[in-house]
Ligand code: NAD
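One chain is shown next in structure tokens, namely the form predicted on its own.
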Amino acid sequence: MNEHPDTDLLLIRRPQDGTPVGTVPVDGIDQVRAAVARVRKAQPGWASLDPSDRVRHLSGLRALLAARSQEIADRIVAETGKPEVEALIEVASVVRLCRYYERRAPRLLRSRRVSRGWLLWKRPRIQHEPYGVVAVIGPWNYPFILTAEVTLTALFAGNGVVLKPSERTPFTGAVLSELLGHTDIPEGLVQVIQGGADTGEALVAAGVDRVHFTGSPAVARKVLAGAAPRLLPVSLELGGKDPALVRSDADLDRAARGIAFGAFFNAGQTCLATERVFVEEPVYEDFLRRLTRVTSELRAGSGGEVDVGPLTTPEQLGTVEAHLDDALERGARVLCGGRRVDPASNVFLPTILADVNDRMRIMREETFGPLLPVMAVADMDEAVARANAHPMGLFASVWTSDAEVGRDLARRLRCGGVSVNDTLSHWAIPGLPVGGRGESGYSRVRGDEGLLAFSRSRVLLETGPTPSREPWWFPYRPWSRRLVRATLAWDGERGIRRLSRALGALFGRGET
């Protein structure tokens, strides 16, 4: 947060106790344009390398990240307040994705042949080329993983990057660029600029070739508006209101523990967090008891051995308390939690709410905090309908002992992915893409889809020795009509009939 706008500084405070982490100068329009220009100068040489050569240039980063993991985690903890283990998970996830793309990028991005059909004298290929300069605008809730993974994906694809971290987490946002300085990539290929909304707006307008934004739908609309004049491609990773569906045959102990983890990891400040639970009526009260017991055992605090840390920003704490107050006014019941650890703390106890209804803000708006509403439903049809009614569609979980039913429910849910009897674990598998639909965005990160999203596909069609003209060129002749009819027969029929019909059309048999 820029608490001293007259001095153009970001003053960062620890969520744990409000003590200063440090200050960072804000970059103005001229600095933003200069950063883009530096990347523009360095990127063509990087793009000209074969994907396997780019991997070799980046190969030292994975070991460097692992060796410096504690330093990175310390920055994350200082700016976000999350438990150290969760900060280390961010680093481990980036290391794992690096390893995955080191193997996959050379194969996935290489030029490949496609079928030429009956055009035997053609040599069609698909190539992948980078966009150029990619703007990455990152969030504060996962300040390392959600900036480093996107930046590295863009680099593997041959792009240069200008990264604007969240104004809440500038020190964590800068660490990847510092580490990349110890690798063999071209100087200037990755630039970090610091600031708030004005800096992000300037970056979108500074002549970049693609924008990747992670954040809220409201800010995403502003990013799209800024990109519209130049028709810039924009990828969006937005929020979620992820549902959990608990069937009456589920292992309720596992469901309670898994849902509590999905809801309260990073104090609920996760786009993939479980924010709504729909439980079949016969096991509703039993599940509530188990979930309340598990949640009550969680250790919440600002340091030491804790499970749930403080909310990163005072504004987010305000949203949590506003959603809770609204729910209580409309008849919700608190089963555990429901308050701060102390009045001056950003630590809010993990909270379970029962007797919730659709009029409550907590069922309609993304909370992004440690509040979990649980609703009874008559059956899974009702649960699916309620889950799909929300405009966000990022991820979901289904809890059942029947694997076939689990797959069927997963298929019916309107979202970017579903876990059956698990939650959040898909992030540990770098080959799985992550993304949503509706107000959760439409893009994909991670996996093969995430890598290809940062490259353009282009066609190379070469023609071998042929006569002086293609058979379909001007002037049109009776032969031209027969050729088109033969093509229709060949593509429209099957088996030996396909060949006979095509030959008949080509040589005019049956033509009147």
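Position 1 is the first residue in the sequence shown; the rest follow in order. Because the structure is a prediction, the values reported are computed rather than measured.
One more form of this protein should be noted, the form predicted in complex with the ligand, which is absent from this view; the next part is about it.
- Residue G195 is the only one of P83, P130, P350, G195 with a heavy atom lying within 4.5 Å of the ligand in the predicted bound form.
- Only one of E280, E366, E149, E90 lies close to the ligand in the predicted bound form, with a heavy atom inside 4.5 Å, and it is E366.
- For the chain shown alone, L394 is a contact residue for the ligand in the predicted bound form, at least one non-hydrogen atom being within 4.5 angstroms.
- Heavy atoms of V219 reach within 4.5 Å of the ligand in the predicted bound form, making it an interface residue.
- Contact annotation: V208 falls outside 4.5 Å of the ligand in the predicted bound form, judged by heavy atom distances.
- The ligand in the predicted bound form comes within 4.5 Å of a heavy atom belonging to N141.
- Stretch 196-204 is the contacting one of 324-332, 114-122, 196-204, 280-288, since its residues have non-hydrogen atoms within 4.5 Å of the ligand in the predicted bound form.
- Scanning 220-243 for heavy atoms within 4.5 Å of the ligand in the predicted bound form gives K222, V223, E237, L238, G239, G240 in sequence order.
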